[in-house]
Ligand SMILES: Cc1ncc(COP(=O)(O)O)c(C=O)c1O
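Quick heads-up: it's one chain on its own, the form predicted on its own, in structure tokens.
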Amino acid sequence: MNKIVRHAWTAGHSAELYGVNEWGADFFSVSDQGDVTVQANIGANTTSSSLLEIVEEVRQRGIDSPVLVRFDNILAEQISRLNNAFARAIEENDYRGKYRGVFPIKVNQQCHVIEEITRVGAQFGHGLEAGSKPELIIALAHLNTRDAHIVCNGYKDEEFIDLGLHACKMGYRVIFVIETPSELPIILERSRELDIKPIIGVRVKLASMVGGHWNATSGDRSIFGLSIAQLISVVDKLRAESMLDCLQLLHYHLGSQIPNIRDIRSGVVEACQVYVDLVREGATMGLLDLGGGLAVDYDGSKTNFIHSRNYNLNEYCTDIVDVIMSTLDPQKIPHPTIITESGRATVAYSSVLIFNVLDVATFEPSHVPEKIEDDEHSLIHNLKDLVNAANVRNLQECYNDALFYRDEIRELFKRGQVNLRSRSLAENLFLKIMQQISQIAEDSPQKFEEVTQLREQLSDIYYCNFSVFQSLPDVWAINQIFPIMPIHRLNEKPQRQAIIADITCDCDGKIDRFTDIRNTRKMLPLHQLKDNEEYYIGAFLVGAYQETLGDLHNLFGDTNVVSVNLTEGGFEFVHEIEGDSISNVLSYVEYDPQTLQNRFRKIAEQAVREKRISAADRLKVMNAFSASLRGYTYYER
């Protein structure tokens, strides 16, 4: 008789289970020791470090979880990858224009991120996209190369336009992209007043539609951009003002996460036809801005699923170059400088949110006695009879009977005919039966319809030290999926199935949809907690939008942030930002911390006068109050 050989669980099994090699983009992997590692290229060599080691050193520095870890190397490498991929496509296809990327500041406005992007991007002429006056100020203060572009989208008032025009005079390549017809008269009036010629772009609404999240910027009903009829009116107005030579850029944006390469090609084809006719109209042109769209493969499936993409970076760049050339060459129109506003793909990989688990709720029987007392209700005896009665032939029958008996007992409890202790016994018996049914269904050759639902009902809840609303708002708002997994103990087989709950005490403060190569899954495999040992989970690819969109639900503020640079010898901390204190977040919602302290001091003094506490107690209370104001908003061990 052949024996079944059960191989020991390895870190490789965990890498496959969580799909890290698929979504990690060569930045993340699992070591033989069972830790998630982060790696980057330094010259001709690749260096890597354990996330757990980074977290442990963060703790030694007095920085508590949750903590957002940014990796400067990844940010730099993503900028290099994008520019080098376009450079290869341009060279291989004999394209006679340039590539000049711009980073949309709105995707991540944090100062250290912008500083790193502009530092690395300087060698490529990589610019910035500004959609507001504050973002324009950021762009002007950080771009030191005149070879880079500042693309100005969004609504622009006189102050915005004046600042951009003055920058043009200084030598900046500031481009005013007209989003609505009402902007053009302001641009023309301010340029005449200041006697500075503007560089004008037009954002057009394309008929092309795309799939995926964030696709509302495609099609005729896009909120932003000019219709074709409005575009012609702008051209006529510029011609009448003898300023058609100022029109140099055509811009469109179909979405920031386009999973299907066919949609990307379709958009470029339509945009190129618009570009051709603008040249024929007499516009100077020379710049074609494709907006965002380069997707992030959040689930690693490499498909046109909304959280993935069915193309790689080289294919993306080559297809864009090919479509532009095949459209413009027959018309003998010079190749324009290609601009893309790839924000999501630039910064997503560079940030990891790491948090610890505080507690676990399990749906297991706490105690099932061997014998049920004779005076217990008959329905409880019926439940006890079902324990150990399930087999592959009667799973459905046992399942239905257990549900019926449990629900009847709950109704009896509401009417006062069953007491609390008896109901507790019934609930434990029911959970015992459900566990047995679930285990038998795993190996049953017959299909049990409710098995998936049963697994979900029996899954654990891991309570974690973070706020979904503050750190992962897209999970709550639009069902965005991020790769989430433990960062250590990966050479152990995870035996628990769980959902994740945050500490906001809100029913929406949870994560119950997780990445999977075949589909999304509703439970995440996790390890049993060990006494006196922290268990860390990482949410990956969170560098785009999440920091900026976060809110103050339950007054949980910004998390601690550390920026790390991987080195040949390991890693170094280059930047640290303390998360919001309680005093900080109270001031955000219009409380004055000093006033709060003074009010509480009066209340404490009143308690002394009423002899509820002593003067010494008052000192302890006030010290505790002051310490709390200075403390972290999250759970502290």
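From 1 onward, residues are counted along the sequence shown. Just so it is clear, the structure is predicted and the values come from calculations on it, not from any experiment.
What follows is about the form predicted together with the named molecule, which we do not show.
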**OP:** Look at the stretches 98-106, 384-392, 189-197, 69-77 and give the one with heavy atoms within 4.5 Å of the named molecule in the predicted bound form.
**Re:** 98-106
**OP:** Check, residue by residue, if 129, 153 and 203 all come within 4.5 Å of the named molecule in the predicted bound form, counting heavy atoms only.
**Re:** yes
**OP:** Consider residue 292 of the chain shown here, and say whether it contacts the named molecule in the predicted bound form, taking contact as heavy atoms within 4.5 Å.
**Re:** yes
Original post:
Taking heavy atoms only, is residue 343 within 4.5 angstroms of the named molecule in the predicted bound form?
Top reply: yes
**OP:** Report yes if any heavy atom of residue 124 sits within 4.5 Å of a heavy atom of the named molecule in the predicted bound form; otherwise report no.
**Re:** no
Subject >> Contact test in the predicted bound form: residue 251 vs the named molecule, heavy atoms, 4.5 Å >> reply: yes
Original post:
Pick from 83, 256, 422, 459: which has a non-hydrogen atom within 4.5 Å of the named molecule in the predicted bound form?
Top reply: 256
Original post:
Just one of 430, 535, 545, 160 has a heavy atom within 4.5 Å of the named molecule in the predicted bound form. Which one?
Top reply: 545
Original post:
Across 304-330, which residues bring a heavy atom to within 4.5 Å of the named molecule in the predicted bound form?
Top reply: none
